[in-house]
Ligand SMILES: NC(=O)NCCC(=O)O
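In structure tokens, one chain follows: the form predicted on its own.
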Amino acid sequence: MDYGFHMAVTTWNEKVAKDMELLVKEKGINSFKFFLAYKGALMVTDEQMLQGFKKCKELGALPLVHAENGDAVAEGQSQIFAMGITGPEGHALSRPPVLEGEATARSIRLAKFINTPLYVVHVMSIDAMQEISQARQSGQRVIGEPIVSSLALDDSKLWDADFKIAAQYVMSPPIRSAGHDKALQAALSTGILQLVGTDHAPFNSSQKAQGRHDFRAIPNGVNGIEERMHIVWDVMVNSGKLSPREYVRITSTACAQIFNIYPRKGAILPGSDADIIILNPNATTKISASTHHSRMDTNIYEGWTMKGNIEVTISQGRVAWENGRLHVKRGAGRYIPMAPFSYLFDGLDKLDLEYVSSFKAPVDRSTAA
């Protein structure tokens, strides 16, 4: 399959700025991810985020944020562990929705100050969704991406008595309590949120077991890349929340447009790449770790049975998957460069300092004592 990358900015200095320039101008990168979580590892400060946002706008690149308040999460982890809560449920308890909402709001406001578009990855909560909705209603360019697990699951499995079962659901931001999933489905169906990703970052149960006695040591991440198209069809189309045409938009077209590779990707048109799936809405799919194509020994959608099955996959006009068999040649996938955006011709060339123009004239202090 064809592929592209975005890069992560985890600190700030002149070398990072020069690297970003090289990546955008010569390597086909047009998006950079900023982590507001993972204190002491990937997390950036507000100052680093501001400088990164400025550089993104200068280069015509799209900034992405993982929105959780890393300082507060670290405090929550310490307090929850000190209370004697050491299992996977402690992960969710230490990272409540309010911390996702706060970081989402902060990144949105800083993006507004810098006057750059913003993409919020893996939206997991009502709190984050509402901040995105409010910003979009005010005219700000904010993109919200729920993922398969935030749309389809709740956090009940995190309290399972079997550590192996509970630990496989640990990801960040956490899968939320029942109700958040339905709210995110509604937001996706009404256009508040724009597309569906996976945040696919799987670990085997032996790797998850590193945190058996301390939830802070459980590797964060769940599966989703193989299951995405089936789960989204079931949750959103079989339920009547989206039409098949809208399903194409949220799984394919919107992504290609957002990352500036439309109509080469995300469309079936003359001149577009012939990347196509054929989904049979009347066939049945059952998900299980015993039959999936990952080397993981667990699956967070274990036992899900649904109407709708992808029967054919076409890549670059060639049949890659049909009748349960793979027909590919190693190395056939191409790296797809993603061109930068022309922000400077779209009213985004300056900081958002409209409040300054509300003053009738500068204050005259020439005669002040």
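Each residue number is its position in the shown sequence, starting from 1. Remember, it's a predicted structure, so these values are computed and weren't measured experimentally.
The same protein has a further form, the form predicted together with the ligand, not shown here; the description that follows concerns it.
Undergrad: Given that the ligand is left out here, which of V237, I287, A201, A74 has a heavy atom within 4.5 Å of it in the predicted complex?
TA: Exactly one residue meets the criterion: A201.
Undergrad: Considering non-hydrogen atoms and a 4.5 Å limit, which listed residue (K307, K33, K27, K54) is close to the ligand in the predicted complex?
TA: So the residue touching the ligand in the predicted complex, by this definition, is K33.
Undergrad: Look at the candidate spot formed by Y3, S252 and K265 and say whether the ligand comes within 4.5 Å of a heavy atom in all three of them in the predicted complex.
TA: Result no, not one residue of the spot touches the ligand.
Undergrad: Taking the ligand as it sits in the predicted complex, is N220 in contact with it (heavy atom to heavy atom, 4.5 Å or less)?
TA: Although the ligand is absent here, N220 would touch it in the predicted complex, with heavy atoms inside 4.5 Å.
Undergrad: Does any heavy atom of Y38 come within 4.5 Å of a heavy atom of the ligand in the predicted complex?
TA: Contact with the ligand, yes.
Undergrad: Indicate whether S172 is a 4.5 Å heavy atom neighbour of the ligand in the predicted complex.
TA: Judged by the heavy-atom cut-off of 4.5 Å, S172 is in contact with the ligand in the predicted complex.
Undergrad: Any chance R176 has a heavy atom within 4.5 Å of the ligand in the predicted complex?
TA: Heavy-atom contact with the ligand at 4.5 Å: absent for R176.
Undergrad: Of 164-172, 265-273, 100-108, 79-87, which is the one stretch near the ligand in the predicted complex, taking non-hydrogen atoms within 4.5 angstroms as near?
TA: That would be stretch 164-172.
Undergrad: Go through 107-135 residue by residue and record those having a heavy atom within 4.5 Å of the ligand in the predicted complex; state none if no residue qualifies.
TA: Stretch hits: a single one, H122.
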